[in-house]
Ligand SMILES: N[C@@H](CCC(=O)N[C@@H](CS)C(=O)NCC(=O)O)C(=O)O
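Here you get one chain, nothing else, as C-alpha cells; it is the form predicted alone.
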Amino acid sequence: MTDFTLFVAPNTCARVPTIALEQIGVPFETHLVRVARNEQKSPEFLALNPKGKVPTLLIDGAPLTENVAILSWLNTTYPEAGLLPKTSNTFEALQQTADLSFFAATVHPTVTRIAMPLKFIEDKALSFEIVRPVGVEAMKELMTMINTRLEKGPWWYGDEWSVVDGYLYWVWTRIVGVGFPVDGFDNVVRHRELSEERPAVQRAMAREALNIETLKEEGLYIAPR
C-alpha cells in the first residue's frame, strides 16, 4: 500500500488535495505546518520542498509539489475515484490541465491579493486599502465568468463533480471568509452548498478543524481577516 503524508496548513489551498485524497478513500496522514512559527521555511521542510509552501505530498517518502501536479498524479493513479472526467484523447486531457492551471495560476493569485494583501505591501493600512480592493475587482470578473459556466450544471463539468470543484470550493470559502461580496454569484453560492453536502469535503473540513483547534491551543492560529 502506498504511504501518503500531506503537509497542510488551515485555510490554504492544501484543502484541495485533502479533498482529493478523501474522495479517493486511501489512508493518509496530514502533517500540520505551523505558519506562525515559519515552519514552512525551516531547513527540514525546505529539504522536502525548497519553495517553502504547502501543499507538499509525500508519496512513499518522495515529495510532490504544486496542486496541478499533485491532483493530476492522483487522478492518473486512481482513475476509478473520478477526480476528473474520463477523456478520450490528449487534447481533452490537456483541457483539464488547463482548467486546473486556471485556478492555480490565475484565480489563486487573485485570492492572495484579497486574503493576504500584506504579502504585497507591508504597510497594513495600504495593503487593505489598495491591494485588497484591486483583488476584489479582479475576482469579480473571474467569478462572473465562473458563475456563467455553472449555468450548465451544478459543477464545473456540468453534472459530474471533479477536483476542479474542490479548488473552486476552497477559492470561494477563502474569499467570502474575508468579506468578498456574494451578491450576483448565485450559482457559485449554490456550488458551495452542494460541495458541503459531499462526504469527502466534510471529512476534509473535519481534518482542517482539528488542525485549527491544535493551533488555537498552542496560541498559533492566524484567523482570516
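Residue positions are given as counts along the sequence shown, with the first one as 1. Predicted model only: the values in this text are computed from it and were never measured.
Only in words, not in the display: the form predicted in complex with the named molecule, which the text now covers.
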Residue 211 versus the named molecule, in the predicted complex: is there a non-hydrogen atom within 4.5 Å?
no
With heavy atoms only and a cut-off of 4.5 Å, decide whether residue 121 touches the named molecule in the predicted complex.
no
Would you please decide whether residue 41 lies within 4.5 angstroms of the named molecule in the predicted complex, comparing each non-hydrogen atom pair?
yes
With the partner left out of view, is residue 136 within 4.5 angstroms of the named molecule in the predicted complex by any non-hydrogen atom?
no
Find the only residue in 54, 188, 32, 171 having a heavy atom within 4.5 Å of the named molecule in the predicted complex.
54
Listed range touching the named molecule, judged in the predicted complex by heavy atoms within 4.5 Å, from 177-185, 195-203, 24-32, 64-72
64-72
Restricting to 1-20, the residues within 4.5 Å of the named molecule in the predicted complex through any heavy atom are 12, 13
